[in-house]
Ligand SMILES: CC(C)(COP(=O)(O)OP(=O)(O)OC[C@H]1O[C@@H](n2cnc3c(N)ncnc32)[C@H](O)[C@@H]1OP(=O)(O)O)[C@@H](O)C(=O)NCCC(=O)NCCS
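The chain below stands alone, shown as structure tokens; this is the form predicted alone.
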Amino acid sequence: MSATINTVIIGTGSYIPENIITGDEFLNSTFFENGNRLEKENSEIIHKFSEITEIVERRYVCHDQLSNQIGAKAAEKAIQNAGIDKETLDYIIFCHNFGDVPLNSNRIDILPSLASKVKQQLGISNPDCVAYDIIFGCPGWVQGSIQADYYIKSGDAKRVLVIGAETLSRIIDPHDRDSMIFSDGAGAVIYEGIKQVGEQDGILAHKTETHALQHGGLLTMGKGAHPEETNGNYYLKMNGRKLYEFAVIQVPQVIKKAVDKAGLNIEDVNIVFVHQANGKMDAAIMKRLFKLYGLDNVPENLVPMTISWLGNSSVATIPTLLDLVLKEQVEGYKVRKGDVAVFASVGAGMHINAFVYRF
């Protein structure tokens, strides 16, 4: 039996910002919708928001921090965790949506690429270590991992570092209650090509879809909710209800396609790392996924969640969650050799992707 090259995780790292932002931080906010100030008390708005999303806290970076810097911190931890020479990295893929946004500027800086900035901070001199960015909505890190799999299985690369980092606190509208969903953070994973004979470990299969024609406008940049705002800034905007409906219907189908492609059944899956977008939405996605297999119940302790205390940090949610689970920092979850995992995300584009992985 001939050996095959498989894409295996050899190191993970994350950076969780120090600043804890509770619901109380929004008690003095002024929220608008369709140009009109919301009449409900802020305490009621915040309570309802937490009830729907399951978000109680979120994290924001310090005033002097940028996305590339927190991405570099996560990358350093991943390199240390992997125990490798940083000069042996063939690619650095930095997944984000807004680049570096300085405090109070609302201006995006992606020159040079954040991946190049990280390579510089890490002190990597090897010119064959190629550094570039992916802008793919919240599914960016999953897509970066899929690209890493292509590079490794083609023989073009042996080691690839994939970073997901975002500072959404710099790009959200303070007068839009949906802004309470978003947070900051960074996660990083190092993949390595390993020759194996027999049952494969690592990435087994993946699937990606883009639903731009009908759903490309569900997450966009738009003007502030305050009708008298004149600063010209654009902010992250979403159609929450339509996005919820889209995700609950479409994400389970993409996950099933990836699981089917791997030649497995949903009952073979031991853990699911799903984008931490909305607690109730993720639960609905999993319920519908199991329905596709004719099953009524989702097993307990299948889906680790960090959204209640970390919020939605876009591309950073899944690699951060993975790092915490692998280091046994999420209560009730532990990954064992041979466990099968699904990684899945959905976001602006509208993109959906998933890959199946055996530890």
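The first residue of the shown sequence is 1; numbering continues from there. Predicted model, so just to flag it, every value in this text is computed and none were measured.
Keep in mind the form predicted in complex with the named molecule is missing from the figure; the text below concerns it.
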Contact test, all of Tyr244, Ala277 and Asn312, partner the named molecule in the predicted bound form, heavy atom 4.5 Å: yes
Heavy atom of Tyr333 within 4.5 Å of the named molecule in the predicted bound form: no
Any non-hydrogen atom of Asp178 within 4.5 angstroms of the named molecule in the predicted bound form: yes
4.5 Å heavy atom contact, Gln69 and the named molecule in the predicted bound form: no
Distance check, His63 to the named molecule in the predicted bound form, heavy atom within 4.5 Å: no
Contact stretch among 143-151, 180-188, 197-205, 103-111 - heavy atom within 4.5 Å of the named molecule in the predicted bound form: 180-188
The unique member of Leu302, Val56, Leu324, Ile52 whose heavy atoms fall within 4.5 Å of the named molecule in the predicted bound form: Ile52
Option touching the named molecule, based on a heavy atom within 4.5 Å in the predicted bound form, out of Met238, Ile134, Ala131, Val254: Met238
Sequence-ordered residues of 206-225 touching the named molecule in the predicted bound form, heavy atom within 4.5 Å: Leu219
